[in-house]
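In the block that follows, a single chain appears as structure tokens, in the form predicted on its own.
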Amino acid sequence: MTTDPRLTPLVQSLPRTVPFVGPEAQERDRGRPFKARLGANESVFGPSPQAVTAMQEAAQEVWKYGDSESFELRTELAAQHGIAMENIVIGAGIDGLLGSLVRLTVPQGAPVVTSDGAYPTFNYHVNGYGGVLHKVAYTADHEDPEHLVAKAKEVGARLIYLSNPDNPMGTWHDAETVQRMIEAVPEGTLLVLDEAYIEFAPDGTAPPIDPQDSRVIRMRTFSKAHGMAGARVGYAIGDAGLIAAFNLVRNHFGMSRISQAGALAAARDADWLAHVQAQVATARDRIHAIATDNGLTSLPSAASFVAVDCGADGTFAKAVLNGLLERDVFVRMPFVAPQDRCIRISAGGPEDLDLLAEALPGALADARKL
């Protein structure tokens, strides 16, 4: 807790933590770079070459602010989803959009429901705006829609957060299950459906988009399948009234022209997206095989990473993770038991996964000595 008198009482009450410590910060602390960057769920396969070209060309006009309405990108996304552009808002990744949404909908002291151990950046925004988090446990390594809705009814939640596919476990619910959850959302509550990894999921994972349904707002991103995490482009789909409300709080010139141009080109390059999807599927299979070769099990995944069960508890998994870090392989792990028995490994290229295969036996052996 900080005691700087210039800060609001709310800010002074917050823990001095951030959701994630970035790999660059870890590299500075350790004094050397990682050889395999498999912890941040970035796409090592990179963006579309067409997106790179578009961003290079846009750099010549970077003296201009970005289009405050992201008109071309919204028009393209609206056409792809068969909705009106008034149902789409562009923001600085899903993280930025979550911050705006919480600011719009969660007054201080208002209840919000999420899963214990789900994506912590959502919690970070809720805490930062003074909301009160109520958490439910995972069930069989899946977020539990029925329990989330029940808790929302119990506490009168303003928001319910669900990621599908889930981060950090990679598990998923089918479209019918998610649609039942949407239909069960209590009056006065909004379901925040985070679909950051939806491009990697099996057909039938995402329910049809109904832009008139005021019970749900859907979040998608160019950070994962489109390989543009560093560009910070995400979008939300919702009813026109809610989407228009973002204009009351968002940073209207917060989007870079370069990022807008890259995202537009990426959205139009279906062939590159299919290429990345195939690469990720191959990488997931390789991670499953590496886990098996080391006597471990892994969870089926519909995301761009695999959760590998280290076979014990969170203390043991953390020791395995530390062993991998010492061997220059960057991975992360869930924060909450029992999911913290796993380490989470992002899809990588063949060279990255060769390094993982080389490092994991030693990391396990060291952990077993503790």
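All residue numbers are counted from 1 along the displayed sequence. Only a predicted model underlies this, so the values are computations on that prediction, with no experimental measurement involved.
Same protein, other form: the form predicted together with a further copy of the same chain, not shown, and the subject of what follows.
Undergrad: Can you work out which of Pro208, Gly82, Gly156, Pro107 has a heavy atom no more than 4.5 Å from a further copy of the same chain in the predicted bound form?
TA: Only one option qualifies, and that one is Pro107.
Undergrad: Quick one: of Asp269, Asp174, Glu76, Asp239, which gets a non-hydrogen atom within 4.5 angstroms of a further copy of the same chain in the predicted bound form?
TA: The option sitting close enough to the partner is Asp239.
Undergrad: Any chance Arg37, Gly96 and Arg257 all have a heavy atom within 4.5 Å of a further copy of the same chain in the predicted bound form?
TA: Every residue of the spot touches a further copy of the same chain in the predicted bound form.
Undergrad: Just one stretch in 144-152, 288-296, 177-185, 227-235 has heavy atoms within 4.5 Å of a further copy of the same chain in the predicted bound form, so which one is it?
TA: Only one stretch passes the 4.5 Å heavy-atom test: 227-235.
Undergrad: Report yes if any heavy atom of Ala365 sits within 4.5 Å of a heavy atom of a further copy of the same chain in the predicted bound form; otherwise report no.
TA: Judged by the heavy-atom cut-off of 4.5 Å, Ala365 is well away from a further copy of the same chain in the predicted bound form.
Undergrad: Contact with a further copy of the same chain in the predicted bound form for Val44, defined as at least one heavy atom pair within 4.5 Å: yes or no?
TA: Yes, Val44 sits close enough to a further copy of the same chain in the predicted bound form that at least one of its heavy atoms falls within 4.5 Å.
Undergrad: Are any of the heavy atoms in Asp67 no more than 4.5 Å from a heavy atom of a further copy of the same chain in the predicted bound form?
TA: Asp67: contacts a further copy of the same chain in the predicted bound form.
Undergrad: Would you check, heavy atoms only and a 4.5 Å threshold, whether Glu24 touches a further copy of the same chain in the predicted bound form?
TA: Glu24: contacts a further copy of the same chain in the predicted bound form.
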